[in-house]
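Quick heads-up: it's one chain on its own, the form predicted on its own, in structure tokens.
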């Protein structure tokens, strides 16, 4: 990240901050007259114009039109986020909404992340993103089987990430309550703690031998286990408040908006971007800093959700490059803390609830 001073005097910093703040609020170019009227600067309008011209030469500002004022460049926004931003003071109502997450009766991490991204979108007026990154070494810590009828049952799996998944399994071979219990024991004995690529043919053959005449039940169960592990391994991204983007002139170009919406729908690019992040702090990607090319006019801010040193997911905000970074950062910090507390509370109360697919 380019956050070096590069010779910025205190006056230049004050002018740059004023322009960024005004551009975030109004979206238009900012002129020297505005700076003179709204900032406590003991200098003339001509001096301010000279300082703005120098900031432009240094790459912090851009001039859309010859007769217009200036707008922040990508470098200007980066310096603002790294060095000039003021802490946003959340309102009592905003704090109450975030704290309400702790009162929610949600067991699944998916539900918690989605609720948090919805709230982040509503609080900031941008698009919220909830992410469960791919986990190549994911395994199942416990299997349970709920017997339904002679030709089908529900397979419940508690994963190594703490989530609970369930699948209906239809069998060609009749199954009884006793056989369902026996199959659950076999699954726990042989597959507990294994990732998909560790489930080998010899292991499956051992399971079939242990099931005896009902060995065909193993094949149906194994297929469902593979499907479940592969689903979890792909990662997941949910988006909230896409309609908020339509409020900003940056997305008035229909072609560019369609490309961005296509990227959000495909998910892989942003999933990979977030999953490769090694930082546990909030990440701010402005314009071309992102590897996702269609986001040159946007900014992506995301915060990993970490528990016991393990990254369980992330929540983020997508919006125009001139987003209100102070509010976005404060919102994500508040939400991530509540999510971590909520996950800990769920585990102390006996784990997460079952989630059907």
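Just so it is clear, the model here is predicted, and its values are computed rather than measured. Positions refer to the first chain, counted from 1.
The form predicted together with the DNA is left out here; the points below concern that form.
Novice: Going by heavy atom distances of 4.5 angstroms or less, which of 39, 311, 47, 288 would be at the interface with the DNA in the predicted complex?
Specialist: It is 47 that has a heavy atom within 4.5 Å of the partner.
Novice: Which pick from 292, 306, 43, 326 sits with a heavy atom within 4.5 Å of the DNA in the predicted complex?
Specialist: Of the listed residues, the single hit is 43.
Novice: Could you confirm whether residue 11 comes within 4.5 Å of the DNA in the predicted complex, counting heavy atoms only?
Specialist: Yes, residue 11 is a contact residue.
Novice: Check residue 30 for me: does it contact the DNA in the predicted complex (non-hydrogen atoms, 4.5 angstroms)?
Specialist: So residue 30 counts as contacting the DNA.
Novice: Tell me, yes or no, whether residue 299 is in contact with the DNA in the predicted complex, where a contact means a heavy atom of each within 4.5 Å.
Specialist: Residue 299: no, not in contact with the DNA in the predicted complex.
Novice: Looking in the predicted complex, any heavy atom of residue 58 within 4.5 Å of the DNA?
Specialist: No, residue 58 stays farther than 4.5 Å from the DNA in the predicted complex.
Novice: Among 279-287, 266-274, 69-77, 190-198, which stretch has residues with heavy atoms no more than 4.5 Å from the DNA in the predicted complex?
Specialist: One stretch meets the cut-off, namely 69-77.
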